[in-house]
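Listed next as structure tokens is one chain, alone, in the form predicted on its own.
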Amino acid sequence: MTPEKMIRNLPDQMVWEEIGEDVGRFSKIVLCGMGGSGIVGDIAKSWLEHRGVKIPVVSYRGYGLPPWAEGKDTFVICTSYSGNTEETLSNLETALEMNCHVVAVSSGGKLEDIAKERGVRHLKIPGGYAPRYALGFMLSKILCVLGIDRDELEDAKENLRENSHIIEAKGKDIAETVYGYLPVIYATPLTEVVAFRWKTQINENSKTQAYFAVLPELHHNEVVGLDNAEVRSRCAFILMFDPKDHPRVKTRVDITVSILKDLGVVPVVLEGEGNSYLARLLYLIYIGDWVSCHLAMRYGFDPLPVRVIDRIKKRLSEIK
């Protein structure tokens, strides 16, 4: 399947189901994953916090678990699309040692094998995709574990379907705008996860560098770097926000746009569209996926191979 077909498949990947975890009985939630499997934890964390969850939620990347993650009141979700991500396998083993309640999500691999051997609930998703192109499979599964309402998920799905042509066109236009420049993505607290997704998709699909910063923090350091005209002229700026962001944050968005324009920079400004926070997040994420795909084609790269990552994995497999 081509990258374009996999991207277009995102709405169809999102399926609601009754999974039945009683999330209310836990005092903390840890969402584990790396790369394309890790971003789903970031989105789920942001979604939970936006809806007012009263317990700490952490999206964790790395080996083991935080030292406070122990006991049956800790809910750990381990997600690895392949099922063979070594950090996530480490998360699972540590969670079992710490007597946490665990759910595993993968298309198979060692994660499924260990889950079955140890009596851990395993939720299987379809295989055959690069992990970063399987966002809908993983995200909808995890959101269903966390208790999302069917109507909310279906609405977000339909929002992508109904706007798919507009979204792809925006992605192509933005790819043309940032081609030849370093993409710099400025986000707000409610769109931070989107900016991170954009960065990683541009890294992996477009085979180029990108970075992001988040308001209001970037107003305390990042903006001073704009004084360097030589470097600034090599960057293309994108600003994104959500209508539910704090009013002072939205004021800061306007100020940032004004500063950039005063410096002769015309930024791309994006606002998520949709009835819910989830719908608006996915709308912006979907634009970014298309940006990265069209940017890859503009640079002459096949979006799928990730040779440097494969090289790292090979080296790690040789060092025990």
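Start at 1 with the first residue shown and count on from there. All values derive from a computational prediction rather than experimental measurement.
The same protein has a further form, the form predicted together with a small molecule, not shown here; the description that follows concerns it.
- Note that among 213 to 221, 169 to 177, 128 to 136, 147 to 155, the stretch whose heavy atoms approach the small molecule to within 4.5 Å in the model of the complex is 128 to 136.
- Although the partner is absent from this view, V253 stays clear of the small molecule in the model of the complex, with no non-hydrogen atom inside 4.5 angstroms.
- Contact check for T85: a non-hydrogen atom falls within 4.5 Å of the small molecule in the model of the complex.
- Although the partner is absent here, G35 is a contact residue: one of its heavy atoms lies within 4.5 angstroms of the small molecule in the model of the complex.
- Residue contact with the small molecule in the model of the complex: E192 places no heavy atom within 4.5 Å of it.
- In terms of contact with the small molecule in the model of the complex, the residue from I19, V23, M297, I309 that brings a heavy atom within 4.5 Å is I309.
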